[in-house]
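First, one chain by itself in structure tokens, the form predicted alone.
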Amino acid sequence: MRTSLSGKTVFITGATGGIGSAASHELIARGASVVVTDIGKQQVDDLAAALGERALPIVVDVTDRGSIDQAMARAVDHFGKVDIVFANAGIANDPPLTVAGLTDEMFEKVIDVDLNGVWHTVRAGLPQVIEHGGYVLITSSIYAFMNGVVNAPYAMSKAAVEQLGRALRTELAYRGASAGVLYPGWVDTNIASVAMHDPGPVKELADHAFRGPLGKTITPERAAKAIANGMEKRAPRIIVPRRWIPFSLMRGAFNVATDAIMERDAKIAGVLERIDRDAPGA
């Protein structure tokens, strides 16, 4: 079944990033109201101004449960309800580093935003979703099923939130609510720019590992249309671009084969050696 987003209220974290901003515009175009939340006041204010009167800007730190609870309460007070929670906020290590090159602080920062932040968002919004028979969408990544080399904290968190979304969908079904998981591939955002555009060893690694169509980025607007379509269908999973669907379906055999190839690849070994050599504090 497909239901219109017109008249629905969508609570979005990480709303001023590439995917969040494009999704906000797409949802407004389909008649929804949006609660645009992020860490920067000027950014959320500017986004809401561009979206119009059906957008409510709120500054939120997803690592702070109290901050999310207060934002959710403001959203309900303003719009009367929240139908859809889009737990989208996420970061990655910049620069990408191996596990040996990361500090504990770098690791914990990514986990706190990308995993704990999703947990806080879901927990804060769940009463509204249950009450209104709504939908939770959690942003994971193709890194939930791809090798997370030089992005281990990011990949770990994305694999973890995939499991949260899957469990949540089953748990919400008898209540008449639902949940889904978003798996973006390479979308032209700040997170992807280091691997896709910035000259250096990380781009060399990405160019070598993701060849042909797998290394092509898509626009945030294309991702946003898939997100809105998925929300209308209460989809269990949204994989965009669709070229990644076979890799998700065949992840068992695919992961075994690609892990074995990558650990023996001389080009990858050389790039990783350079990344480790140039890591802060090396």
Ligand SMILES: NC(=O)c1ccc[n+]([C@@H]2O[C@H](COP(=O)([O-])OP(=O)(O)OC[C@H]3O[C@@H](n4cnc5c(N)ncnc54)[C@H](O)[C@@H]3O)[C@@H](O)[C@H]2O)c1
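A residue's number is simply how far along the shown sequence it sits, counting from 1. All values reported here derive from a predicted model rather than from experimental measurement.
One more form of this protein should be noted, the form predicted in complex with this ligand, which is absent from this view; the next part is about it.
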Location of this ligand contact in the predicted complex, chosen stretch of 128-136, 97-105, 179-187, 203-211 [non-hydrogen atom, 4.5 Å]: 179-187
May I ask whether G18, I39 and V60 each come within 4.5 Å of this ligand in the predicted complex, counting any non-hydrogen atom? yes
Just to be sure I understand the contacts: of A155, L164, V122, I191, which is the one whose heavy atoms reach within 4.5 angstroms of this ligand in the predicted complex? I191
Which one of A160, L172, I91, V149 is close to this ligand in the predicted complex, taking close to mean a heavy atom within 4.5 Å? I91
Can you tell me whether V110 touches this ligand? I mean in the predicted complex, with a 4.5 angstroms heavy atom cut-off. no
Under the 4.5 Å heavy atom criterion, name the residues of 92-107 that approach this ligand in the predicted complex, in sequence order. none
